[in-house]
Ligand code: PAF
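A single chain comes next, written as structure tokens; it is the form predicted on its own.
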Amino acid sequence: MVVFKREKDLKRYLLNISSKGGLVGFVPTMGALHKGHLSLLKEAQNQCDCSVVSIFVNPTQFNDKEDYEKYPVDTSNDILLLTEAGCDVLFLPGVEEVYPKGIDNTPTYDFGYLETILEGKYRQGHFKGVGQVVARLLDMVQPDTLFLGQKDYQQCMVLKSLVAQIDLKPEIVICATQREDDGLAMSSRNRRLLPAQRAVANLLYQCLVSIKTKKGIERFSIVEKECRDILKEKGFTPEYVALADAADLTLLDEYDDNRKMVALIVASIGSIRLIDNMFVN
């Protein structure tokens, strides 16, 4: 695995590959890697000639400074995992490399409706930061294909919108959420869970399964309340339990068999915020 910290060196290396007809697959991450990230890497390896993973904890997408400061960083272990997985290129830029003109002088993008609902509503400014950093990373890597995880479903929709707004048009591949044996979606934040919190953390997954299985049996409004109540009973603070059109995230009050639907859920336990989603039909 080749490691780069500077944009110009990375571009020179990747240009040599693309000039020979090689396809570049890109997996952007914030580190603290787990099997979910490695599954994205595997897809990049399967579909492309050169796999690139970036690790950069982006300060502009944290609306909570404390969350940014507590975000787990374990670069040495990340490098070991990527090396063992056969990653071709690791890009490890610093803040000055990603934002050479300063954060305030880096373009931002408008994601319209997506910025007003769910994550956009509860984490104001988050998607502005996501769009800002991914646009920069795409410009630096210039991949043929961008690999994303379904766990951050709304973010995937935002990045589809971003690609439509910028000159670079990589293909976007959204890969299925990777889960622990009990259903908990793999996440870098899971390592911050205390044992008692981890024991109940799969409740989000159970709620999603309930939403899916009760389609055609119960009204969604009833299932939503049941999910909120059980989350609260187990010590969670639910932010939202939502049903939406999977194509554009139009929020739905009730099940609609005429649409492909996705259920989305976010709840915090202690200071740790967990997020998950599942297709309903």
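Numbers follow the displayed sequence, beginning with 1. The structure displayed is predicted, hence computed values, not measured ones.
Keep in mind the form predicted together with the named molecule is missing from the figure; the text below concerns it.
Residue contact check for residue 36: none of its heavy atoms lie within 4.5 Å of the named molecule in the predicted complex. Proximity of residue 155 to the named molecule in the predicted complex: non-hydrogen atoms within 4.5 Å are present. Residue contact check for residue 252: none of its heavy atoms lie within 4.5 Å of the named molecule in the predicted complex.
With a 4.5 Å cutoff on heavy atoms, residue 61 counts as touching the named molecule in the predicted complex. In summary, the region of this chain contacting the named molecule in the predicted complex, judged by heavy atoms within 4.5 Å and restricted to 205 to 213, 160 to 168, 127 to 135, 75 to 83, corresponds to 127 to 135. The single contact residue among 242, 30, 230, 246, judged by any heavy atom lying within 4.5 Å of the named molecule in the predicted complex, is 30. If you take 91 to 111 and check each residue for a heavy atom within 4.5 Å of the named molecule in the predicted complex, you get nothing at all.
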